[in-house]
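This document starts with one chain, in the form predicted alone, laid out as structure tokens.
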């Protein structure tokens, strides 16, 4: 068994419009690295990033606590975290750390856990940042590709994305509120009109069909959400313009990435992705907001990079 192991996990985008809390997609825009090292006792977190170092308030720390308890591990563990996924921008930052940690622990102790168990432990870490457990980002980050999450019991279905699917992500330079996920969940409607539910359901079903048929156009065309996006878009300055610009520039579909404030446009490899990215930047500029744009493609899941 290894005494030290490093795992890299990708960023992810959740919801994909109508698939709220159900769909996730791993993307190679950003990555987190986690190194676990065995020590005599206790759990400690080492990082140069601005994240909690108390294991109870850190996604990776919570994951390790839960796994040590469950598998009756006697060692202590040092968790070294190198953040590449920007925290609080709807790119699955806490999920990437949790995913990397789960894979590292599984490999270190040769547990050979199945996919659902890995996702379940990674999800338990989300409580530290989101205040509640949800699995869409962690499932994508652990397994890679496109995932559909079913709960009670947890069952994650993974579909390989089309090779030519591309995304343009605009990450606005905004000050993100503390516990942003909690805040952005607080604005969601308590009641949903039946007609809206049907619209979202038909689009969500079409997105799955698009992934099955390896058809980026069908995926993008179906990324339409009439429930969550309208409730959240006021939290993103210039959102309507960013979306309109990206669609005019040739994007197939545009939506909020996860809980925002990043905005994601879907396209394919042969499209003018730079043009779409620039159009999104101009959309944010219309609301006096600067942004970073990243062109990315679907990613594999968390991988061991050093033993």
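Numbering follows the first chain given and starts at 1. This is a predicted model, so every value here is computed, not measured.
Omitted here: the form predicted together with a small molecule. The next part is about that form.
Picking from 117-125, 211-219, 74-82, 132-140 the stretch near the small molecule in the predicted bound form, with a 4.5 Å limit on heavy atoms, gives 132-140. Of the candidates 27, 254, 259, 36, 259 is the one whose heavy atoms come within 4.5 Å of the small molecule in the predicted bound form; the others do not. In the predicted bound form, the small molecule lies within 4.5 Å of some heavy atom of residue 232. Though the partner is left out of this view, residue 185 does reach within 4.5 Å of the small molecule in the predicted bound form, counting heavy atoms only.
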